[in-house]
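Next up is one chain by itself, shown in structure tokens, the form predicted alone.
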């Protein structure tokens, strides 16, 4: 079965104005990203703030034009689609849904607007009621204004609005970060139910690695615009994982007081500027394992396990007798 989403060599470079009007600096937000996503699959994308996660999401949705590479949805380039065609295939769910709601409009009118825009005015009232029911919102909420609903209800409303065109892909960009734990769990359950019922694929972007691992089938780890590791959720952070992945997991807080204390990889130093990235491996300035080759050559992708690819010069292909990366790190 062909993938629903196929991203190849995707890059985005922004040109910034500097003090010299004749010299513009270049900010590389996304660099040479490759990934695929199957129907009904959830791919989590994690990394520190500023690593390019949100820019990647906007490129896939079609809000930004790539500087290089292609994004294909259902085997068609996103760049060749009209806005209506994209809306039928992919919909975003953003971090702050209230920012997208006109405070003067009733909830029902806000939900019906996309249907009217796409020429589906007939039966829109029934579709709105069905959309509200699908996210477990009462029908009378359609008569309220945005300031009269809670944060959790606003997030459910954002999901309902995204589902109205019946897209095949949802791009969730920090969609749960502003919610408390109880509401997060409720929304996660809702997304899973919607996915099971509609076979909808999801790209789930978040800085919360635990949440991503809980919701996703596979995880992609980004650093300074590049994917440094991608693989099944149960293999991320084990044996041959990238040093950055292990440091990212080690930096996450642990709230279980009964969990045995072990030495963990640490994440030290500051992320280099995307305006002036280091040569070679993007992580080499913070990596405790960096060797001379890391400072001059971008590491190639290495398949280290079933479905697991790591971009690291010290990674060894699956099947070879080699020490795991975490042992080299002294963990």
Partner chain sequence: MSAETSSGDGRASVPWLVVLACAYLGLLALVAALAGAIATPDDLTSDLRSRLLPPLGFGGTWAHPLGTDELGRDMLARVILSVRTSLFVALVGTIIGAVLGTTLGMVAAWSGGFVDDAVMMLVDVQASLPFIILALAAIALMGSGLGLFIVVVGLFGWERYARIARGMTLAAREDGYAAATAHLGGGPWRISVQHILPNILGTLVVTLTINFPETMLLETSLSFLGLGIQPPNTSLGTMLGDGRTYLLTAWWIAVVPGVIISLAALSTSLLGDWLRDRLDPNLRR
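Numbering follows the first chain given and starts at 1. Worth saying up front: this structure is predicted, and the values here are computed from it rather than measured.
The protein also exists as the form predicted together with its partner chain; that form is not presented, and the subsequent description refers to it.
Proximity of residue 103 to its partner chain in the model of the complex: non-hydrogen atoms within 4.5 Å are present. Using a 4.5 angstroms threshold between heavy atoms, residue 114 counts as touching its partner chain in the model of the complex. In the model of the complex, residue 80 stays away from its partner chain, with no heavy atom inside 4.5 Å. Within 4.5 Å of any heavy atom of its partner chain in the model of the complex lies no heavy atom of residue 43. Heavy atoms of every residue among 61, 99 and 145 are located within 4.5 Å of its partner chain in the model of the complex. Listed stretches are 201 to 209, 129 to 137, 83 to 91, 182 to 190; the contact stretch with its partner chain in the model of the complex is 83 to 91, by a heavy atom cutoff of 4.5 Å. 161 is the sole member of 161, 218, 226, 246 with a non-hydrogen atom lying within 4.5 angstroms of its partner chain in the model of the complex. Site annotation in the model of the complex: the residue of 250, 165, 232, 152 reaching within 4.5 Å of its partner chain with a heavy atom is 165.
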